[in-house]
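One chain comes next, on its own, written as C-alpha coordinates: the form predicted on its own.
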Amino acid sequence: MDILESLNWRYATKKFDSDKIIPQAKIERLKEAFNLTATSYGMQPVTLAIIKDKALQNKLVTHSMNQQQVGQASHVLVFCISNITKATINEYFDRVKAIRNTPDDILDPFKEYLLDSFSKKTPEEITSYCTKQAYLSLGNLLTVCALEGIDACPMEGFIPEDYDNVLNLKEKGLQSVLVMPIGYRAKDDMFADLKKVRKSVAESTMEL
(Lines give C-alpha, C1' and ligand atoms only; values in the text may rest on other atoms or scores of the structure.)
Protein backbone atom coordinates (compact mmCIF):
# COMPACT_ATOMS: atom_id res chain seq x y z
CA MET A 1 0.00 0.00 0.00
CA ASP A 2 1.13 3.55 -0.62
CA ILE A 3 0.95 6.03 2.21
CA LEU A 4 -2.55 7.35 1.46
CA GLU A 5 -3.94 3.83 1.15
CA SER A 6 -2.28 2.98 4.46
CA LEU A 7 -3.74 6.04 6.19
CA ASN A 8 -7.19 5.22 4.85
CA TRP A 9 -6.76 1.63 6.10
CA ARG A 10 -5.84 2.61 9.65
CA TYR A 11 -8.32 3.49 12.37
CA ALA A 12 -8.31 3.67 16.16
CA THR A 13 -8.65 -0.05 16.78
CA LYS A 14 -11.15 -0.86 19.50
CA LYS A 15 -10.69 -4.63 19.62
CA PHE A 16 -7.49 -6.56 18.98
CA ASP A 17 -7.01 -10.24 18.15
CA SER A 18 -5.06 -11.30 21.24
CA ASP A 19 -3.78 -14.44 19.48
CA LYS A 20 -1.88 -12.44 16.85
CA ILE A 21 1.54 -11.21 17.92
CA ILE A 22 3.63 -8.65 16.07
CA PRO A 23 6.91 -10.24 14.85
CA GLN A 24 9.99 -8.99 16.67
CA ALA A 25 11.48 -7.77 13.38
CA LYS A 26 8.59 -5.31 13.06
CA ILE A 27 8.99 -4.20 16.67
CA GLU A 28 12.62 -3.43 15.88
CA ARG A 29 11.49 -1.31 12.92
CA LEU A 30 9.11 0.61 15.16
CA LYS A 31 11.93 1.21 17.64
CA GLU A 32 14.13 2.57 14.86
CA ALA A 33 11.30 4.76 13.55
CA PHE A 34 10.66 6.11 17.04
CA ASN A 35 14.33 6.93 17.44
CA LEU A 36 14.30 8.80 14.12
CA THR A 37 11.30 10.95 15.04
CA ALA A 38 11.92 14.68 14.82
CA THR A 39 12.05 16.49 18.17
CA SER A 40 12.62 20.12 19.06
CA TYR A 41 16.37 20.87 19.07
CA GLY A 42 16.91 17.11 18.48
CA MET A 43 17.14 16.48 22.23
CA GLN A 44 14.75 13.50 22.34
CA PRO A 45 13.21 13.94 25.80
CA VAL A 46 10.90 10.98 25.15
CA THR A 47 11.48 7.33 26.04
CA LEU A 48 9.35 4.55 24.54
CA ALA A 49 8.42 1.74 26.93
CA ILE A 50 7.32 -1.38 25.04
CA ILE A 51 5.18 -3.77 27.07
CA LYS A 52 4.65 -7.33 25.87
CA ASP A 53 4.00 -9.08 29.19
CA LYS A 54 0.32 -10.05 29.12
CA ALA A 55 -0.05 -10.08 32.90
CA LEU A 56 1.32 -6.56 33.05
CA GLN A 57 -0.93 -5.45 30.19
CA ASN A 58 -3.98 -6.85 31.95
CA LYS A 59 -2.95 -5.10 35.16
CA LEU A 60 -2.86 -1.80 33.28
CA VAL A 61 -6.41 -2.17 31.94
CA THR A 62 -7.77 -0.99 35.31
CA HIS A 63 -5.67 2.15 35.01
CA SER A 64 -6.81 2.73 31.41
CA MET A 65 -10.49 3.47 32.02
CA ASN A 66 -11.06 -0.28 31.60
CA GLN A 67 -10.30 -0.04 27.89
CA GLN A 68 -9.80 -3.67 26.93
CA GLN A 69 -7.46 -2.89 24.02
CA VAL A 70 -4.63 -2.55 26.52
CA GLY A 71 -4.99 -6.18 27.55
CA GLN A 72 -5.82 -7.55 24.10
CA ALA A 73 -3.04 -5.89 22.14
CA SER A 74 0.13 -7.64 21.03
CA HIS A 75 2.19 -4.87 22.65
CA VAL A 76 1.46 -1.64 24.50
CA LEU A 77 3.58 1.41 23.78
CA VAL A 78 3.93 3.92 26.60
CA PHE A 79 5.39 7.30 25.70
CA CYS A 80 7.34 8.67 28.67
CA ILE A 81 8.98 12.04 29.13
CA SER A 82 12.03 13.01 31.16
CA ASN A 83 13.21 16.31 32.56
CA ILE A 84 15.44 18.70 30.63
CA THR A 85 18.38 19.62 32.86
CA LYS A 86 21.84 21.08 32.46
CA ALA A 87 23.17 17.51 32.42
CA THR A 88 20.84 16.36 29.62
CA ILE A 89 21.70 19.42 27.51
CA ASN A 90 25.42 18.76 28.01
CA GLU A 91 24.91 15.10 27.09
CA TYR A 92 23.13 16.14 23.90
CA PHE A 93 26.00 18.36 22.80
CA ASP A 94 28.53 15.67 23.71
CA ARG A 95 26.60 13.35 21.40
CA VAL A 96 26.58 15.91 18.59
CA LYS A 97 30.32 16.37 18.96
CA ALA A 98 31.01 12.62 19.02
CA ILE A 99 28.87 11.86 15.96
CA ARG A 100 29.59 14.92 13.80
CA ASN A 101 32.97 15.94 15.20
CA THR A 102 31.70 19.53 15.36
CA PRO A 103 34.18 21.94 16.99
CA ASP A 104 33.27 23.48 20.35
CA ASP A 105 33.50 27.02 18.98
CA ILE A 106 30.60 26.22 16.66
CA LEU A 107 28.51 24.33 19.23
CA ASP A 108 29.06 26.53 22.27
CA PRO A 109 26.83 29.51 21.30
CA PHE A 110 23.82 27.24 20.70
CA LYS A 111 24.63 25.21 23.80
CA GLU A 112 24.75 28.33 25.97
CA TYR A 113 21.48 29.52 24.45
CA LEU A 114 19.72 26.28 25.40
CA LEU A 115 21.21 26.21 28.88
CA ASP A 116 20.01 29.76 29.48
CA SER A 117 16.59 29.18 27.90
CA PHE A 118 15.75 26.04 29.87
CA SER A 119 17.11 27.47 33.14
CA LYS A 120 14.38 30.11 32.92
CA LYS A 121 11.51 27.67 32.31
CA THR A 122 9.26 26.47 35.11
CA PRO A 123 8.88 22.72 35.70
CA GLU A 124 5.39 22.99 34.19
CA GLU A 125 6.76 24.64 31.04
CA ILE A 126 9.38 21.95 30.64
CA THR A 127 6.75 19.23 31.10
CA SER A 128 4.59 20.90 28.44
CA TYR A 129 7.56 21.15 26.07
CA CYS A 130 8.45 17.48 26.53
CA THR A 131 4.83 16.35 26.19
CA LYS A 132 4.61 18.05 22.80
CA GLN A 133 7.59 15.98 21.69
CA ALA A 134 5.77 12.82 22.82
CA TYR A 135 2.83 13.73 20.56
CA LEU A 136 5.25 14.08 17.65
CA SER A 137 6.57 10.59 18.38
CA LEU A 138 3.09 9.08 18.66
CA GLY A 139 1.97 10.70 15.41
CA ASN A 140 5.02 9.39 13.60
CA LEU A 141 4.52 5.85 14.92
CA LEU A 142 0.83 5.92 13.96
CA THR A 143 1.88 6.45 10.36
CA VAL A 144 4.68 3.90 10.51
CA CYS A 145 2.32 1.32 12.00
CA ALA A 146 -0.12 1.92 9.16
CA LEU A 147 2.63 1.43 6.58
CA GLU A 148 3.69 -1.79 8.32
CA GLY A 149 0.11 -3.14 8.44
CA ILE A 150 0.00 -2.86 12.22
CA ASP A 151 -3.16 -1.69 13.96
CA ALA A 152 -2.95 0.91 16.71
CA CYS A 153 -5.10 2.86 19.14
CA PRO A 154 -3.66 6.17 20.42
CA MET A 155 -4.91 6.87 23.94
CA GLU A 156 -5.01 9.71 26.42
CA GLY A 157 -7.59 7.86 28.50
CA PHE A 158 -5.42 6.45 31.26
CA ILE A 159 -4.18 7.46 34.70
CA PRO A 160 -0.53 8.50 34.30
CA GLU A 161 0.28 8.36 38.02
CA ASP A 162 -0.92 4.75 38.21
CA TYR A 163 1.04 3.76 35.11
CA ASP A 164 4.12 5.42 36.61
CA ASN A 165 3.71 3.37 39.79
CA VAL A 166 2.98 0.04 38.09
CA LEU A 167 5.90 0.44 35.65
CA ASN A 168 8.27 1.95 38.23
CA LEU A 169 8.84 4.93 35.95
CA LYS A 170 9.57 7.52 38.63
CA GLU A 171 12.71 5.71 39.76
CA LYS A 172 13.88 5.91 36.14
CA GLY A 173 13.24 9.66 36.02
CA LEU A 174 10.28 9.20 33.66
CA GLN A 175 6.58 9.93 33.59
CA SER A 176 3.98 8.51 31.20
CA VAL A 177 2.02 10.89 29.00
CA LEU A 178 0.54 8.80 26.16
CA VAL A 179 -0.35 5.16 25.53
CA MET A 180 -0.77 3.24 22.26
CA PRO A 181 -1.76 -0.44 22.15
CA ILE A 182 -0.65 -2.06 18.89
CA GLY A 183 -1.38 -5.39 17.24
CA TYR A 184 -3.88 -6.76 14.75
CA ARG A 185 -7.59 -5.94 14.60
CA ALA A 186 -10.11 -8.55 15.65
CA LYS A 187 -12.43 -9.77 12.89
CA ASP A 188 -15.47 -8.67 14.89
CA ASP A 189 -14.31 -5.14 15.63
CA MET A 190 -17.31 -3.21 14.35
CA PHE A 191 -15.25 -0.04 13.95
CA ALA A 192 -12.97 -1.59 11.33
CA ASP A 193 -15.45 -1.18 8.46
CA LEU A 194 -16.87 2.21 9.35
CA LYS A 195 -16.21 4.98 6.86
CA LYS A 196 -13.84 7.70 7.99
CA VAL A 197 -15.48 10.93 9.06
CA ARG A 198 -13.30 13.79 7.89
CA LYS A 199 -13.71 17.28 6.53
CA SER A 200 -13.11 17.57 2.81
CA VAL A 201 -9.51 18.37 1.87
CA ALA A 202 -10.74 21.77 0.66
CA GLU A 203 -12.15 22.51 4.12
CA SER A 204 -9.14 21.34 6.12
CA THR A 205 -6.37 22.90 4.01
CA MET A 206 -5.64 26.16 2.26
CA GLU A 207 -3.00 27.43 -0.10
CA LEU A 208 -1.90 31.02 0.33
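Source: prediction; values computed, not measured. Start at 1 with the first residue shown and count on from there.
Missing here is the form predicted in complex with another copy of the chain; even so, the following discussion is about that form.
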| item | value |
| --- | --- |
| Candidate spot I21, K59 and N165, all three touching another copy of the chain in the predicted complex (heavy atom, 4.5 Å) | no |
| Partner proximity in the predicted complex: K196 to another copy of the chain, non-hydrogen atom cutoff 4.5 Å | yes |
| Another copy of the chain contact at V96 in the predicted complex, heavy atom, 4.5 Å | yes |
| Contact test in the predicted complex: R100 vs another copy of the chain, heavy atoms, 4.5 Å | yes |
| Exercise: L174 in contact with another copy of the chain in the predicted complex, heavy atom 4.5 Å | yes |
| Residues from 23-43 in contact with another copy of the chain (non-hydrogen atom within 4.5 Å) in the predicted complex | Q24, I27, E28, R29, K31, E32, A33, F34, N35, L36, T37, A38, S40, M43 |
